[in-house]
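Laid out below as structure tokens are two forms of one and the same protein chain, each shown alone and named structure 1 and structure 2.
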Structure 1
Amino acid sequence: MTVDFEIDENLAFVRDYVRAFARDTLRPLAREADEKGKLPTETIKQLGTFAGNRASIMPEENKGNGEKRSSIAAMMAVIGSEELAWGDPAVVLNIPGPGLAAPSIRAAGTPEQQKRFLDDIFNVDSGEPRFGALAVTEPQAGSDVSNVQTTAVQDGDEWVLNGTKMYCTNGARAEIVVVNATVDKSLGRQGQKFFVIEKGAPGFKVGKIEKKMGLTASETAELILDDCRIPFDNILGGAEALEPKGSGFKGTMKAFDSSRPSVAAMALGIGRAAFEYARDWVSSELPMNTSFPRKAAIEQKLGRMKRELDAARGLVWQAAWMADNKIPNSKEASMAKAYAPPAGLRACIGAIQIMGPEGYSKEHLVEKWFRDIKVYDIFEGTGQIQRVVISRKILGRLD
């Protein structure tokens, strides 16, 4: 298999466009958003303008119209994700759009569902910012997604859902939330399906808003489904999802094969931000009379940070390239997700160590990036779960 990492002019344009936005808009908002724990509504609306511009340059398939996937959609996603997170990962999560609802809807939804649920979210000209969300984690089912207790029971032309979801990004303000629930416990994992809950659905309640160590400007909500009623057609995949070979646990989990490289790319972006900040600090602030052993140690640390981040990018791009070329990439997506967040975390730790007390100070952003990046090794499947997926794919035991 030959992997082509050539950046064509389209990808280069997207990278440069997003990089400029991250530098000029996101980075200046980072500290205030972190301290206040939120962004003003007007600022979110301004971010919506970017979302509209971004949607206009996205491949058509990414807009939810069900047409053939562009050959650079996944590469565009990971390149853009890295640059946005380099600007600020928490502010990024306030950019209006379908968020993590999109991969599940694209992976398992019918063409009609893709158009119905995603087109409206991308319509930023509607005035108010609009968000989508994915709710999978439960109090007793975190990384083990197959252990979810939320149930879905058909009642005429509706589904009735009961359960509790946790740590849902943008869950309280989302127009649509994709949730997984079990329709038949006797079927095990195959009895698990994905559903779209629309804002205002009867029995859909928002619980507490989490207070977190990092990504403080990002809303993370508890969602309660108390006899929540949704239309029958809101099961992803439609009626065919209920057939024996319909989109069950394995089918819908393939959505993570496209989202995990993007999450890994965000971790890479945070680590790159810390590396570049420390590198520039050394160039401008390190005293000229610094001892040779300390200079050598700093050089070695910077070199190691750079090597690991570049290696992470290779894994991320490989997983994205395979997705764009319709090559199964579960193992590669998990490899990227397992490697990039720890590499980014080590870069953040290294930056603090290089800068010493200044790195620990809130006068610099490296301490914030250190707090932000840890969760990237947790959500979308922990590093431990990724290593299980990798080993089982190597041994041919994932099924």
Structure 2
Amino acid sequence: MTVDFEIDENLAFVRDYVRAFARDTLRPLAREADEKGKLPTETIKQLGTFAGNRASIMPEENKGNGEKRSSIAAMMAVIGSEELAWGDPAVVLNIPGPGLAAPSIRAAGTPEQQKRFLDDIFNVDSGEPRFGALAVTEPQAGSDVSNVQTTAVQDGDEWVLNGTKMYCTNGARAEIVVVNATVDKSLGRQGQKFFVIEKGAPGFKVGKIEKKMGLTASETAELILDDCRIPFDNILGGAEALEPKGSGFKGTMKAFDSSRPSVAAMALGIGRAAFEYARDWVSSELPMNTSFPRKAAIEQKLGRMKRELDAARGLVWQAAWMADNKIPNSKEASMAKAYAPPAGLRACIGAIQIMGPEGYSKEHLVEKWFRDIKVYDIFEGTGQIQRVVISRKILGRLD
């Protein structure tokens, strides 16, 4: 092995495949989806077909998980995420699949649960798009997950859950929602366990659907658990999870770390979309071959955008490469997640200002990317929380 910035054939193939899909299918849907705040069911079905095809073009070894995980799975994820978000970050969240429910079920679920909740539900070819969701956030528990108030109490062969979850992506339409709830308040975080709620469970209600600055075509839902009853077997990890050393909170949360580089890659993809759009707009709309007062400033801004986006890609790929090579990467994953969203946001604002009145106009997509990208510095751990992680890795815990 030696330092090499070129991706191999497999990855290049996937990138090109996803890029074409992003360009030909996602991008054309972007504006209407933003205006309507959703996609037509037919379109969601088509996106599901793509997801199926995408899985089938993956080299065989990539389909497994755990030990069978291939040596390029993380790289594939970040490269795919960048391209998809380049196409449209909100439409992407409408591609059917288990979404954020998958990492926690993989990390903490028993083999039987993995089959039941992931393979059986999401591999069936019913033609109906199916979604999974993860609901951790509560009104009083965002960054501070330890403050989760939702409770789970065993009642015979059932769990009874009570609480309110909020800002759950795809929560209202989900077939399964993974939630964390506390079984024993006195144990703090260790008393929190993860549960799978299936659609239609008694006492499971969908609350408010949020109106947002951007990502409007992505569903963000409030979920209310009002004496919500689920089978005892739906506790992730099974009965063993309740033992003192059972599948702990920390271990499960770690699974989400793997998503940080992908979220960073999405922000990078959005920033790159804005950069490329502004670059193309400048070449066709402004007399760059002559001199005019803003020319040098525009050149400098485009230069900075490219510099920062390439640096962000370096950080994202570093984190993914480490994951693929089984090198602990939580610091690097957080570095990518801390850097790429603000860099992408700067690129979006730069693009708006370069394009002037056409930048703030809904006639072009850059204003939408600006509205979409801001949340990438907030969800999956805010920029501040990433810095807490990074600095603790560097300095240790000083408090």
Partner chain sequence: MPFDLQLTEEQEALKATLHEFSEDVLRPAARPCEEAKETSPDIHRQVHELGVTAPVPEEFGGGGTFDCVTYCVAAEELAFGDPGIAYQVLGSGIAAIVLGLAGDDDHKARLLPRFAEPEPVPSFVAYGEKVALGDLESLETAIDADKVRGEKYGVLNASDASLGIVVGRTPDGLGAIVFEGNDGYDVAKPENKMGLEAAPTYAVRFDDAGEALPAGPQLEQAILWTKLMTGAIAVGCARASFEHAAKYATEREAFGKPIGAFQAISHRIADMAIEIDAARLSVWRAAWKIDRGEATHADVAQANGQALQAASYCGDEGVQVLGGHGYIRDHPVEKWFRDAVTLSVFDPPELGGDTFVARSVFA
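Owing to the predicted nature of the structure, the values given are computational and were not obtained by experimental measurement. Take the two forms, find the largest set of C-alpha atoms that superpose within 1.5 Å, and that set is the rigid core. Residue 1 is the first residue of structure 1, and the numbers go on in sequence order from there.
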Response to the item:
Properly assigned, the form predicted in complex with the partner chain goes with structure 2
Worksheet item: Can a Cα shift of no less than 2 Å be assigned to Pro328 between the two structures, given superposition on the rigid core?
Response: yes
